[in-house]
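Just the one chain here, the form predicted alone, laid out as structure tokens.
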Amino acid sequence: MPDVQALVNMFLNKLKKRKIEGSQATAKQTAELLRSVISQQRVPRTNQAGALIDAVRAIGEQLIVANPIELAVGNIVRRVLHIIREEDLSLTTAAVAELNLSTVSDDDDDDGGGGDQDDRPVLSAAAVAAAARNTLRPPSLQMLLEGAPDFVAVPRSSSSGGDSEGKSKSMDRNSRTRKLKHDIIEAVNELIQDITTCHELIAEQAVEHIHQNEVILTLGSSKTVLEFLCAAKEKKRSFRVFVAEGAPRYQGHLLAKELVARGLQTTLITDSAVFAMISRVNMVIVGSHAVMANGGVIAPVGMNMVALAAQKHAVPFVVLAGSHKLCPLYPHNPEVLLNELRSPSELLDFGEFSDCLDFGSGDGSPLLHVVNPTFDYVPPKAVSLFITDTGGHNPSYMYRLIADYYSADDLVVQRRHAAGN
């Protein structure tokens, strides 16, 4: 089995050099790496969840620093931390229920010789308190829809003799450790499966939103948007798509070719023509880079212009986003890096730019500066609807949906840096 640190270093190198394209691929590989970390992490006999949380937090801290603009990395790190806490809480709740049953049984059998109490699970005060809070916390809508799993109490094995008691206790601790890691890995596997199938789950809802003879506008290239539009086409819906080219990378050209290859009527337009064409559009459907806790959207540059045009002409602005893109942070949080600047060569040839360097001021600084941002921020008031793999949601509900995926204790992963400052 490969060394975990070697896997971490390899993935860090990919993040730093931007070798992973797309939030979905980044999220999936992050989850797979953290699964390996959890699988190979040795945990103590007590506070096993705490040891796993520390290990994942330490790795996650490095991953986030390696590529802070890719918010999907931090999202998956926080999702895995939340999974560890939830699985530990589930086992603790089951153990508390077992202790309660054992207490009742012991009270009924006071004359039974007073069996040994040491083989019962050793629970930390924090875990017991968390279990108590969980029983008092009202279930969220997401939990009600999915249904809470029933806890099965594991019967305790009685033993006689000092050696057998010691072996029984050791086996009990080892089985609880294996149970915790097994449940966490299974939950992470489900997370990876959700990331893999998010396009299909979102595309299944296309027929509910795209109707006959409509005109759809989108910008740039997004696999989620591509599958969404093609799913509606497969349901015999006839519609036309306007694709803004998404300068300066012109990702819209790639999307237009894909749509034509799938048999959709497609019109390619320049970004500056969006306002001129928006009056003919019935709906704007776009992808996203990340969705913030306030319902704001980080999307490819030029998206805010499209949102303003749609808002001006009362055209619904619909954002497609997998659950791995839902970020629990707000745009004003210091951990959020909203943008990065790409190479000026996407706008000007190096030859043209070098010529401009010769006509600077007296100190030799150039008069021409090229700014090439990667992303736009679209405020929540400009978004009509979010469509995720769990369904359609209003922007005002996104904070509640995001709260089901993350724990408040994990919002800031880089705690040691904050403490050092």
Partner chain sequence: MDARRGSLPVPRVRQVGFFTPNAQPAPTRSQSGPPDSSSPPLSDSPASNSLSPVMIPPPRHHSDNLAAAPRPTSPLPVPEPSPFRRRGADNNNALLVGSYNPAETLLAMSPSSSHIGDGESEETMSGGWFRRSNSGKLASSLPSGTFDFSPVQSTAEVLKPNKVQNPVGISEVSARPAPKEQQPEAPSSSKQPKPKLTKAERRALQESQRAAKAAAKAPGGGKSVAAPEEVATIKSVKQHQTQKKDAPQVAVSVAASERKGGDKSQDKERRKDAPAPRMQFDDKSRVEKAKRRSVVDQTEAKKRVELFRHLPQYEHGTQLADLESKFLQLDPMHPAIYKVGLQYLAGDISGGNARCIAMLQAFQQVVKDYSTPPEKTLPRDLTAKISSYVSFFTQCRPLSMSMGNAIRFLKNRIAKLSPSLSESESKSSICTDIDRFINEKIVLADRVIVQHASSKVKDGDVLLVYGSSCVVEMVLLHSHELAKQFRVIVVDSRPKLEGKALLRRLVAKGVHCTYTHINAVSYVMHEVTKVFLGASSVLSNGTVYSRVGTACVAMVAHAFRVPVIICCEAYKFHERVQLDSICSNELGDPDAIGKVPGRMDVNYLNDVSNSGNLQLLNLMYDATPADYVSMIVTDYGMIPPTSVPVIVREYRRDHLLI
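Numbering follows the first chain given and starts at 1. All values derive from a computational prediction rather than experimental measurement.
The next section is about a form of this same protein that is not shown, the form predicted in complex with its partner chain.
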{"query": "Contact label in the predicted complex: I298 to its partner chain, heavy atom within 4.5 Å", "finding": "no"}
{"query": "Contact of G246 with its partner chain in the predicted complex (heavy atom, 4.5 Å)", "finding": "yes"}
{"query": "Contact label in the predicted complex: I269 to its partner chain, heavy atom within 4.5 Å", "finding": "yes"}
{"query": "Interface membership of N304, its partner chain in the predicted complex, 4.5 Å heavy atom rule", "finding": "yes"}
{"query": "Of K223, R280, H182, R237, the one that lies within 4.5 Å of its partner chain in the predicted complex (heavy atoms)", "finding": "R280"}
{"query": "Listed residue that, although its partner chain is not shown, lies within 4.5 Å of it in the predicted complex (heavy atoms), from V207, L89, L254, A97", "finding": "L254"}
{"query": "Heavy atom contact within 4.5 Å of its partner chain in the predicted complex, the stretch among 184 to 192, 199 to 207, 332 to 340, 223 to 231", "finding": "332 to 340"}
{"query": "Comparison of CA distance in the predicted complex with shown form for I76, E335, at least 3 Å", "finding": "farther"}
{"query": "Inter-Cα distance between L337 and I83 in the predicted complex, nearer or further [3 Å or more]", "finding": "farther"}
